[in-house]
Ligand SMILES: NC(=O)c1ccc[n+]([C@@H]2O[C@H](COP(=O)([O-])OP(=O)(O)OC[C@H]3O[C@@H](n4cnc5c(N)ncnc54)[C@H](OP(=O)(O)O)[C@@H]3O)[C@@H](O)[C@H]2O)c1
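One chain comes next, on its own, written out as structure tokens in the form predicted on its own.
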Amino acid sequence: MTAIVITGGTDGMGRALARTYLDRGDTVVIVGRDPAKAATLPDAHFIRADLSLVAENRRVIEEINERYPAVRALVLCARYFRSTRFVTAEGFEGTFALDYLSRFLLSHGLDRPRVIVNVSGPAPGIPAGRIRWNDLMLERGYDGVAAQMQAGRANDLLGVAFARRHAAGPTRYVLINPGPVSTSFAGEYDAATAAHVAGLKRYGAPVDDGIKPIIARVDAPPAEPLSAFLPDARISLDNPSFVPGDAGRLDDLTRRLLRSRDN
């Protein structure tokens, strides 16, 4: 049985994607924290999990690999904004854990999906989207927007490292920055950021339009091991957002962090 797996599938763009594929008759697995939200998609298989925790990701990976050995697509949408720095029970900064570590674990952990669509950002060329190599957990001068921008850049590099490691395999890796979409923007916001989010909700593209580039990549994955889009326009991989050396460095750091958590 083939399946489409969607993290953050109980809300916003993830929920709209799940509804689209359920309406087509596909088997859809949604991963999220809130059973009440999942109940609005009764035909989906719901896995309740806090994806900011490494242990929960590994449990989800094991369950999916056992129940759905043929995954057609993994769509990574889960995210949560925090204006105040939060550290998980496992010792990781919350945005880094949910927006990046979870996507790293699921990308590498699921058994050979046909396509992985990582819905993230930021767009190439945005200076704020940089890796704090000496402060990955943002212990010094935490800022919620900077945390999400770092996670966005980390996901760009995740795509590069994944494609290099699995170039001969069947999985196509797709990075999509959906641009401003009037989605749920789950999170805990300070007043200034909340006002900005209200503007995005007011003027962003409707969710049904925002998911169209994702659907296009799921239905017809690009031929290349790695591709990137903003939101439907191709992004050249020949720019500083996708430097292979940085991708390898982050991949090594991530694996060391995960090993340190296991020891």
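On a predicted model such as this, the values are computed, not experimentally measured, just so you know. The first residue of the sequence shown is number 1, and the count goes up from there.
Quick note: we don't show the form predicted in complex with the ligand, though the next part is all about it.
Handout entry: All of S107, L158 and L250 with a heavy atom within 4.5 Å of the ligand in the predicted bound form
Key = Checked in the predicted bound form: no contact with the ligand for any of the three.
Exercise for the section: May I ask you to choose, among A167, A146, A186, V87, the residue with a heavy atom within 4.5 Å of the ligand in the predicted bound form? Expected result: Contact with the ligand in the predicted bound form is made by A186 alone.
Practice task
Go through L74, A154, V174, L98 and name the one with a heavy atom inside 4.5 Å of the ligand in the predicted bound form.
Solution key: For this set of options, the contacting one is L98.
Handout entry: Non-hydrogen atom contact R33 with the ligand in the predicted bound form at 4.5 angstroms
Key = Yes, R33 is a contact residue.
Exercise for the section: Could you confirm whether V54 comes within 4.5 Å of the ligand in the predicted bound form, counting heavy atoms only? Expected result: V54: no, not in contact with the ligand in the predicted bound form.
Practice task
May I ask you to check whether S241 falls inside a 4.5 Å heavy atom distance of the ligand in the predicted bound form?
Solution key: No, S241 sits far enough from the ligand in the predicted bound form that none of its heavy atoms falls within 4.5 Å.
Practice task
Would you please decide whether K37 lies within 4.5 angstroms of the ligand in the predicted bound form, comparing each non-hydrogen atom pair?
Solution key: Residue-level check for K37: yes, a contact with the ligand.
Practice task
Spot the stretch among 159 to 167, 108 to 116, 174 to 182, 137 to 145 with residues whose non-hydrogen atoms come within 4.5 Å of the ligand in the predicted bound form.
Solution key: Stretch 174 to 182 is the one.
Practice task
Give, in sequence order, every residue of 69 to 103 that has a heavy atom within 4.5 Å of the ligand in the predicted bound form, or say none if there are no such residues.
Solution key: Counting only heavy atoms within 4.5 Å of the ligand in the predicted bound form, the contacting residues of 69 to 103 are L76, C77, A78, R79, Y80, L98, R103.
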